[in-house]
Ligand SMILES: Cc1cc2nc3c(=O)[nH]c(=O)nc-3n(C[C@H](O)[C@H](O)[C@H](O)COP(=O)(O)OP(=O)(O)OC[C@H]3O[C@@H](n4cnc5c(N)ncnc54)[C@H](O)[C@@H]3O)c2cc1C
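Here we start with a single chain on its own, the form predicted on its own, put down as structure tokens.
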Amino acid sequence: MKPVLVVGASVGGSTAANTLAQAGVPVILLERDLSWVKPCGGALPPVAFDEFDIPHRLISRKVRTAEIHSPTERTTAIRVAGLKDRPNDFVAMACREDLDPFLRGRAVQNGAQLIEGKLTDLTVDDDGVTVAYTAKADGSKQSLRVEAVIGADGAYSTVAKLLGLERLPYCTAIQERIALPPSQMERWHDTAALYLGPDVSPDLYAWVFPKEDHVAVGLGAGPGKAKEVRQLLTNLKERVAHDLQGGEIMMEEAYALPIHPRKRMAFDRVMLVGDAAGLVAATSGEGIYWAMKSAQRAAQTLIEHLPDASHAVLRQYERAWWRDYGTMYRFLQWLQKWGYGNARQMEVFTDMCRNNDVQQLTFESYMYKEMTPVPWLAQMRMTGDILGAQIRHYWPRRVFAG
């Protein structure tokens, strides 16, 4: 059997390669730059550490309280907990410079061949795929003959481009890593904060995420707003200046978030996963878990069916994905448009987050990656609170003279 080529050796690509290698399938992992660290907020649900066998030593911080700050700085503090209290009720914060090399190294240890080079071409035929790449070490042109290709190469996927696919619309994210004095880091010991408002993000949200020795301060802004993000970041830092006193900027990072999934993720002998397939959760911008999960699913599809890697077979990956997660993605896309539509709606969104049912159901779904059924009584309570918030923030306020 010819090897499978996985393009991109970040969290998704490394997970695909490791899944294939553990099953005895020969696999080549192609990464254009092994020194590059992907900019990322770094949030992971605790279930990921069990599901993908990730050691807890890679957790930089455990967030147990999430703050929501409305445009007018009305604050909601939410305990990170689902429907039941569990020891793993937290949001894990990881640093990609630690997480990515671990996952990549494990794949290599289990048998994957790692090549540092840039993909330049791929040609699919009835018997396999011919791939061309440029080796980073000496610039030489190389070629490979493989059974199939998994594209895990990010928002600007070269695999997708070579397939003739359009570039996905994407949000732009920017963040600074800021080292704080110990006294200031204590404020962020187990707390992350989300900030809403057109001044910091017109259609998504801004954040302060804690890591072991610093905080990540950043924001996301929708398509067409790339030129605005630096000013939005300045506004955010002014807004949270009190909590960043004495801080020193370690680095600035910017990256793309494709939050509109592709209509097609499977083709003849090629599948797309993670950011390359647009599998980022719209409301939260969460991508790490979904990159790993989709990569695992794609690899398992090949394990079950190789040497048959036809479109008819690989579509099973795509169909199963949307069968299991389509409702969640559609709901989160709607929630992003509804909750972040304008400043008033962001105030409504903040009020919604004060509802205990919303809090528990949100974290139950986030931490354990299942759409949690909503009891009818909880639905009524949530609906009542949301309607009340809509009225409060949209009903015309009369001004009386006298």
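Note that the structure is predicted; figures quoted are calculated from it, not measured. Counting begins at 1, following the sequence as shown.
What comes next is about the form predicted together with this ligand, which is not displayed.
Asks: Thinking of V11, L119 and W207 as the candidate spot, does this ligand come within 4.5 Å of a heavy atom on all of them in the predicted complex?
Replies: Yes.
Asks: Only one of F267, Y325, Y255, F90 has a non-hydrogen atom within 4.5 angstroms of this ligand in the predicted complex; which is it?
Replies: Of F267, Y325, Y255, F90, the residue with a heavy atom within 4.5 Å of this ligand in the predicted complex is Y255.
Asks: Only one of I28, A66, I54, A43 has a non-hydrogen atom within 4.5 angstroms of this ligand in the predicted complex; which is it?
Replies: Answer to the contact question: A43.
Asks: How about R61: is it within 4.5 Å of this ligand in the predicted complex, going by heavy atoms?
Replies: No - in the predicted complex, heavy atoms of R61 and this ligand never come within 4.5 Å of each other.
Asks: Can you check whether P39 is within 4.5 Å of this ligand in the predicted complex, heavy atom basis?
Replies: The answer is yes: P39 has a heavy atom within 4.5 Å of this ligand.
Asks: Is I288 near this ligand? Define near as a heavy atom within 4.5 Å, in the predicted complex.
Replies: Residue-level check for I288: yes, a contact with this ligand.
Asks: Is V200 close enough to this ligand in the predicted complex to count, meaning some heavy atom within 4.5 Å?
Replies: V200: no contact with this ligand in the predicted complex.
Asks: Out of 46-54, 346-354, 330-338, 28-36, where are the residues with a heavy atom within 4.5 Å of this ligand in the predicted complex?
Replies: This holds for exactly one stretch, 28-36.
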